[in-house]
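Listed next as structure tokens is one chain, alone, in the form predicted on its own.
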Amino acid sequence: MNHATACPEPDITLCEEMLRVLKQQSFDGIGITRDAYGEGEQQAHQLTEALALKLGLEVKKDAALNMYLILPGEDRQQKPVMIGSHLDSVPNGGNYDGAIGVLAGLAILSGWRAAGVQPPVDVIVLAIRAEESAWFPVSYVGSKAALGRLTERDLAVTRRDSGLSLAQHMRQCGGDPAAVAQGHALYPPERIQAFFEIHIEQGPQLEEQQIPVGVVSGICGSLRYRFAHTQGRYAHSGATPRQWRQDAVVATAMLISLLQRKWRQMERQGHQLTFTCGRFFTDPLAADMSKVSGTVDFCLDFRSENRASLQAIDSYLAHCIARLTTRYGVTITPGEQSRSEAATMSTELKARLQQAADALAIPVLTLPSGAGHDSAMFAVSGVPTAMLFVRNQNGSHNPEEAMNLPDLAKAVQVLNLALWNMLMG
């Protein structure tokens, strides 16, 4: 085995330079847009591939164009270890969400290559496609495809802006959606030794407690109604008394209020749950100051690590819809439900990360992830998985993401040492 006597330092400078270039090429005038299976994501993958080749790594792509950047190991028949995340962003998002996980992996492999290290097994940085469901209404498109779990039905969904299907966009970028639909995986779950991901924290806990790095305990599952609709009846605002109104706005607002009240009640009972209504709007052409609104379109997003909690709030939603339909004379249609499974991180891998942090005297906080990540799909597919968060000052999915490079460096150092001890110890 060809390896250095001590764990090599990761190449943090690589992260800094790549983040600068990524920001330049994907700035949209407000924030960062790297559209899934579009120009922004495509450019980010091309940039990352060029860097990997410069570092002397092998590059493979699967039918969905997920990219595998490989430091060859001594025994290439053994299960590889993967480090990965996604390179796409939400519209007008931030520069760090997703991308730092790919760059962290490359920083580690760059440091190992510079030290002349050949690990016992392949170490692979996985640049994943289309994690953000803002573009296509499917969770974890790229990681599902990588694991052979993306379906023909998934491939038929359309992108929010173009109206073209996922299959069409994939094909335009050079992928093979027919092969994806057959469930072929370059690395099936049973052939992966472990999967690690570094990601910015998307909440305030690390910042509030002034801790740079988090060890993720688990990833919440989601239950969503993306295209809910309330149908009432338009009426004159001055000529229609309350008892004759079928007001879609009032009925929908009451639904949101009841769900908020139930959420607080469930939290007092010990449930870990979040509820969000992120879209709520009337028809901009038909609605007017002098009208009772006849329609409202909205969405519902519930998340929890506990499936029973999601089932409980979903049952209450059905109860509320029946109640409000009668009370207000409207029809509330939640629409098609989509789900993602909750995922528990590997106890062994979490312990390795904690031990590495302790050895480096880097303080860490153990916390759950309320947001979904590619790690969840690897974990629920049976791959031992672990995840690190990096402190982030201004949330995510917005242009104000404010991660500091020294915090990223600490997270990369923790993963670097944990991986070294795992493979070289």
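From 1 onward, residues are counted along the sequence shown. These figures come from a predicted structure and were not determined experimentally.
What comes next is about the form predicted in complex with another copy of the chain, which is not displayed.
Stretch 233-241 is the answer when you ask which of 79-87, 149-157, 310-318, 233-241 has residues with heavy atoms within 4.5 Å of another copy of the chain in the predicted bound form. With the partner omitted from this view, the residue of S162, T333, T274, N306 that lies near another copy of the chain in the predicted bound form is T274 [heavy atom within 4.5 Å]. For the candidate set H229, H184, R323, K291, a heavy atom within 4.5 Å of another copy of the chain in the predicted bound form is found for exactly one residue, namely K291.
Within 4.5 Å of another copy of the chain in the predicted bound form, a heavy atom is found for every one of A253, F281 and R327. Among residues of the shown chain, Q269 is not one whose heavy atoms approach another copy of the chain to within 4.5 Å in the predicted bound form. At a distance threshold of 4.5 angstroms between non-hydrogen atoms, D301 is in contact with another copy of the chain in the predicted bound form.
Although the partner is absent from this view, D75 stays clear of another copy of the chain in the predicted bound form, with no non-hydrogen atom inside 4.5 angstroms. Using a 4.5 angstroms threshold between heavy atoms, R191 stays clear of another copy of the chain in the predicted bound form.
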